[in-house]
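Just one chain follows, in the form predicted alone, and it is written as structure tokens.
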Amino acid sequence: MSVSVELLRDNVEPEDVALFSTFTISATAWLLFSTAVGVLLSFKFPYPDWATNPALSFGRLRAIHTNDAFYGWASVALSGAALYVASRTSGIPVAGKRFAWGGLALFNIAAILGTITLDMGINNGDQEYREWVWWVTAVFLLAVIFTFTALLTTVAKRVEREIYISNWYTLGAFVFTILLGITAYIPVYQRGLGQVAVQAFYMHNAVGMWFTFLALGVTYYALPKLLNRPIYSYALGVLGFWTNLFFYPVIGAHHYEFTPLPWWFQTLAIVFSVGMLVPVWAGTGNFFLTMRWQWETVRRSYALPFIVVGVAYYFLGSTQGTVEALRSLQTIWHLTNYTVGHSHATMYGFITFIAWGAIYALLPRATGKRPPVLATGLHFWLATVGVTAYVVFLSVGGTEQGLAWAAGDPFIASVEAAAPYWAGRAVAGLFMFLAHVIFAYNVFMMTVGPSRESDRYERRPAPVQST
């Protein structure tokens, strides 16, 4: 990775710099913690007798790993970037800063309370990504509402009439997630098949309507900003927004095929999963067409390689999800490690890489401090190799598991078939965690670290992006 020395710094007021920096630092701390737990979990597969204390049991730690990665790392990192993007595209400082700071505090309180309660065995049952008890989730929902208030106020006070496409996505993420959080905890839905249907609704939309919308929103700002050229097609961006909003809310039910849920509902989820190819391919094409003939710029950038990998995994992971929804393949892959590989392809390969790209793109412009070139390159390659190996190991191992089950082999045969891939997954996880340690160092250098003589920034007023 070769990076040009001269970088442009945005004209940002000091409190906005502090806000963006604190969101990023907080998110990074949760990334380190949640993925350290993930590494421990990965070694429990090849070494099941290791760390058997109840507080270190798989059932408790797995929920801590996923919830802290979701709601401590990704939510906080992308919310901080969304606030910064709203400010730059609106041509004003972040409005409602008390709400923004309050949102950050509440995000952290929710993650701390969630971690403590889960490790004490206090949870909402075996409901993936919804293991936090209701009052912890209520704190998280308040964090979303506070941050949304700051975001909406900033966009409402914008200089230009038009709302830039980034803010369509980020505002949509907050609106839908508030509705999602409220709906998922209505008492009447917590029993019988209603609970199953709502769990499908919550689990999948937490990824597709919260993280995906936030990630796409910051990409629609950071990518043209870094390339110094407009997005290829505003129309494709709008198409992706509305078709994602139309197709995505229903598709969570494809996780519950062959269950007592109505057959027509399962079929509808499969049809809408195929329909998701429209926003995914529209968004991917829009981003790659924006980057066409700019690969030298990509190579010399800190941030663009992360965005390229993120967009590629958006395409691959989401298209894989469509294929995986088909009943013929669910019979092989469902409940195997294949689905774990798929979730890491999307939440890590797509969401986390986009979050990193946004941070590397925007944080130096806010603080005037850039990360070391070597450390950034090491972060990129360790994370890219690590997640790719992780996904490949679990995809192959999960397929062998499913084939063994379909053949009627003894269960232990599927365990023996997957065991070598579990060891490979643990090694890949170590690569990824080492990348996170390097990223934490880079965040330190971009925020509270000392300025270096090689950091030469040119100050200029930030242009207001419009349609």
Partner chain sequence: MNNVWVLVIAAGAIYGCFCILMGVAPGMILSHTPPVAGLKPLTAAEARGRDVYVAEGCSYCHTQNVRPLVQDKVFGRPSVGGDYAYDTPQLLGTERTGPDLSNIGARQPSDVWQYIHLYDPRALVHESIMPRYTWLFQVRPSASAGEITVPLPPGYAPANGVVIATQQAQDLVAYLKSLKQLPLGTVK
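Positions refer to the first chain, counted from 1. Given the structure is predicted, the values throughout are model-derived calculations rather than measurements.
Not pictured, yet referred to below: the form predicted together with the partner chain.
*Asks:* Consider R98 of the chain shown here, and say whether it contacts the partner chain in the model of the complex, taking contact as heavy atoms within 4.5 Å.
*Replies:* Close contact is absent here: in the model of the complex, R98 is far from the partner chain, nothing within 4.5 Å, heavy atoms only.
*Asks:* Under a 4.5 Å heavy atom criterion, is L32 part of the interface with the partner chain in the model of the complex?
*Replies:* No - in the model of the complex, heavy atoms of L32 and the partner chain never come within 4.5 Å of each other.
*Asks:* Should F43 be counted as a contact of the partner chain in the model of the complex, where contact means heavy atoms within 4.5 Å?
*Replies:* Output for F43 is no: heavy atoms all beyond 4.5 Å of the partner chain.
*Asks:* Does the partner chain come within 4.5 Å of any heavy atom of F201 in the model of the complex?
*Replies:* Yes.
*Asks:* Can you tell me which of 105 to 113, 263 to 271, 75 to 83, 371 to 379 lies within 4.5 Å of the partner chain in the model of the complex, counting heavy atoms only?
*Replies:* Contact-bearing stretch, as computed: 263 to 271.
*Asks:* Exactly one of V309, A325, V94, V250 has a non-hydrogen atom within 4.5 Å of the partner chain in the model of the complex; which residue is it?
*Replies:* Of V309, A325, V94, V250, the residue with a heavy atom within 4.5 Å of the partner chain in the model of the complex is V250.
*Asks:* Which residue, F146, F287, F241, Y314, is the contact with the partner chain in the model of the complex, using a 4.5 Å heavy atom cutoff?
*Replies:* Selected residue: F241.
*Asks:* Does the trio A63, N205 and T259 actually contact the partner chain in the model of the complex, every residue with a heavy atom within 4.5 Å?
*Replies:* So, yes: the whole triplet contacts the partner chain.
*Asks:* Any residue of 136 to 171 with a heavy atom within 4.5 Å of the partner chain in the model of the complex counts; write them all down in order.
*Replies:* Contacting residues: F148, L152, V155, A156, R158, R161, E162, I163, W168, L171.
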